[in-house]
Structure formats: structure tokens, C-alpha cells
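The chain below stands alone and is given as C-alpha cells, in the form predicted alone.
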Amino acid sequence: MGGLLNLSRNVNENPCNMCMPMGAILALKGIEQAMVIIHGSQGCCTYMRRHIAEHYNEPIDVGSSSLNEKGTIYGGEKNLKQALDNIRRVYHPRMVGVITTCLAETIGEDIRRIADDYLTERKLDDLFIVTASTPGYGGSHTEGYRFTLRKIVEQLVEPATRHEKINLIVGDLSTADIRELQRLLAMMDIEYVMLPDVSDTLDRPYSSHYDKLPPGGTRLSDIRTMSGAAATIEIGITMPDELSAGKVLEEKFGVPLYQVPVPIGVDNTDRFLAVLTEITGKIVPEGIQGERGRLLDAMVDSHKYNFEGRSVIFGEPDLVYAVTKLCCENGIYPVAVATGSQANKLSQALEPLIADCPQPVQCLNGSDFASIREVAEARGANLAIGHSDGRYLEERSHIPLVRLGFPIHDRTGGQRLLSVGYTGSANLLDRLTNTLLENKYKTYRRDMYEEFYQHEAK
């Protein structure tokens, strides 16, 4: 291992992450009949709507309290209550998520107290308001996503009688990945509560009728009874305990917690299915075993090409871990892994995984693309894997990029990329292998000329 590199520069040049409220919106969009209000300026709200709409190619409605100079000096309580009135009148939500930006946090707005006062003043007992403090300087969109899920559980879940369902708390995955997890659970005949469920809310079918709040999402009634579940499976192993929604269910209600990696690759998918079997006693059906066999066949087909792969992997920490594992399983050795988060657990999790790599692997926490590019070039990376913001590696260093994760805003279909489970892993492996092949054939004649003729001419 090349060691952990914690960068302490005074600037962040082309950051490798989005800000906290962006992740909070993604989490809240997976709740049934929920609307979001950003307590902050209009500009922050517009920036986030634009990024999410470009990735999902869906209309993204997010309310704003429109804090201005006056609200910044005298407090924004009046603005926030006015925003709640407007949202209720236009959207008729069953739940409102109130999140903050840098501005609201810097002036010390107590959004929980304001929300409670609002419910009392309006005499509302049929509206849920979940609040989460998410300043942009407080962390990356990954921390915002996880923190908001934890707040949803803390503020909505009630004591409930025991039932046979399992809780499945998912990371920031594509809508295709969410649907694939649901398909695997259905094949194993397992009842579950998935938190959040963005499969329909952020990827709705075409309809001539427009719903301001799209159907779908995790039902509020299911969230409130998560305390009675047989167990919780939380997808993600790099988050600290203070960001884990599963920890709340375990410590407050005694629900057993299993934290597993994103099920990408053979080993991670095996582990996910083994936990399902351990909890429910249900065996993995032949249909899924067949998909495992086809993934193994794909690995055999592609290994002769992948040995030349030297990858740089970046993005959300748990996705980085899972993709690194897939690469190691298939001989595409990583030379650098990077995240914009301060995910100390990522480096610890990667250590045994990359111990046998032929070259030392550089791990970068809290990094930007200036740093990633420098390391990738120095270590001879020929394949980049991550979200669209890594296009600088392709444009300036000619390292081909396989797009994966959030955001993907320079291509369409980012929400439809399937990567989890045996079938998704085979799809992703094909994309990685074909990118290596495409680059090889594109540069083959030039490389051969330079290697065998250019030197003699000199």
C-alpha cells in the first residue's frame, strides 16, 4: 500500500464530491409524498436542482426559504414558516424535509425548534417535518445523505410490535441498482422495508399526466414500524457510527444490524445474499445461482484483457470500495483510490484488499481532481472509474473514463446504469474491459511505431 495521503492545501481545485445538502435531497426524494425545503438562499437551491435534474433527467422540485440580507441579519424564521405554508398549499405533502445550507448554519438557525413551533401554531397533527442540519462546509454529499437517513429514523420511527420484515438501508445507488436489489429480494421471497426507495420517484415512467409529487418512495407507515423488524441490513461499511441509521435502530430498539459492502463483484454479492439467508433462513434460488455462474463466465472471458488494466477509482467511499474489489477480482489492479469525503474507514477496509497488488496503491481522502490527476499520471493509470467530474482525467491526461456513481451530467442514462448483484457486476465488468480494449486498439499502431521504429530513426 502506498500509504494514506491527507492533503492540506488551502484550495480545492475541481472537487471530487458534492456538498452536504445535495445528498440530503437525494435521501429525502426516496420517501413517499415528501417535499424538501432548503433553508438558505435561492442560488444554493437552483444549483442542487440543476445537478440532480441533469443526472436523473427528471423534473426536480425543491423549495427554498429564500434567505436574503435581511433574513441573514435578523433571522430566517419568518422565511422558513412562509416556505412551509407555500409548500403545503402547492404540493400537499405528507412529509417535509427541512435542510440547511452554509448560510443558515452560520447564523445559527434552530430549524428543529422552528419546525416544532410551526406545527403547534398551525395545529397540524397530520404532517411530519424531518429536520437535518447540512451545511456545505460540514462534509460531502455522502455525509449529507447518510446524516439525513439517520435523522429520518431518529425522528419518525416509533416503538412497534415485532414482525418478519427486514430493514434494508441503501446507499446512494442508481435507480437501476435499487430495482435490482428489489428483484433479488422478490426472488428470495423476502419482505422488506427499503430506505430510501428512489426507484420510481427519481426515475418515473412516462405519463401524460404530471404529478407534482411522483408516486413511489418508502411508505411513511413502513418507516414508523422499522423498529419491529427482524434485522437491519445497512449497505455501507465505511461510514462512522454517528452517521449510521442502522445504529439508531440497533441501540434504541434492539434491531440486529448487519453492515455489508455494496454488492458489486462476486465476493460482495455472495456476502449480501449470505446475510439474507442467515436472517431469514431462505436459500438462494437456482435463478440467482445461474446469474452467479454467468458472472464467473464473464470473468473467464475477459481476464486475458484485464491484466493490463491499472485503474484510478474515485467517488463515494462505499462505491469506491466495492469497485476496487471488483477490479482486484478481475486483475484490473488499482494504482490510486480517492474520495472527496474524509472517510478514514475506507483506507482501513482497503488495506487487506490491495495488499497483493503488484504496485503500491495510493489512497487519497478529502481529495480533489488536481491531486487525483497528479497521482494517476505518476503511477501510469490507464483506466479511470467514477462520476462525470472525473472527465478532466480523460480530457487532460487521456485516461479513459468509465462513468459510475453520482453525478453523471455529461451523458444520459446515469440513473439506468446497473452495477449491483451478479448481473450488474457482469455489466460493469464488460464496460471496464471494453474500455481497455477500445483504448488499446485506438493507440496500438502508434505505440508499436514509437516502440520499434522511432528509436531506430533517432
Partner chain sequence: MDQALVVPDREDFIATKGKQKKQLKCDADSIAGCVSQRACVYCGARVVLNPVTDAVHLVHGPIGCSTYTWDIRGSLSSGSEMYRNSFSTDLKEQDIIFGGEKKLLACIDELVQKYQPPLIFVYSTCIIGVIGDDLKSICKQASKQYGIEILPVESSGFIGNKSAGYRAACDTLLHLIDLGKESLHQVSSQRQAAKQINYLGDFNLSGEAWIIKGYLERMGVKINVAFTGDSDSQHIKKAPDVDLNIIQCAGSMHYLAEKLEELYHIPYLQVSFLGLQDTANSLRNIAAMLQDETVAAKAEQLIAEESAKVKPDIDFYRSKLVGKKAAIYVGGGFKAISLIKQFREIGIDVVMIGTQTGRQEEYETIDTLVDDGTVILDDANPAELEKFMIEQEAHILVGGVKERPLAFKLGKAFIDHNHNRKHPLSGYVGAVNFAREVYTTVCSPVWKYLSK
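Positions refer to the first chain, counted from 1. Here the structure is a predicted model, which is why all the values come from computation and not from measurement.
The next section is about a form of this same protein that is not shown, the form predicted in complex with the partner chain.
Residues within 4.5 angstroms of the partner chain in the model of the complex, judged by any non-hydrogen atom, belong to 95-103 and to none of the other stretches in 376-384, 95-103, 269-277, 303-311. Among heavy atoms of E438, none comes within 4.5 Å of the partner chain in the model of the complex. Interface membership of N14, defined by any non-hydrogen atom within 4.5 Å of the partner chain in the model of the complex, is confirmed.
Put simply, S207 is close to the partner chain in the model of the complex: some heavy atom of it is within 4.5 Å. Within this chain, S227 is remote from the site of the partner chain in the model of the complex, having no heavy atom within 4.5 Å. Only one of S133, N79, T218, Q259 comes within 4.5 Å of the partner chain in the model of the complex through a heavy atom, and that residue is N79.
A heavy atom within 4.5 Å of the partner chain in the model of the complex is found for one listed residue only; from A83, L243, C357, I237, this is A83.
Although the partner chain is omitted here, in the model of the complex none of S397, I408 and D430 has a heavy atom within 4.5 Å of it. Shown here without the partner chain, the chain has no residue in 265-284 lying with a heavy atom within 4.5 Å of that partner in the model of the complex.
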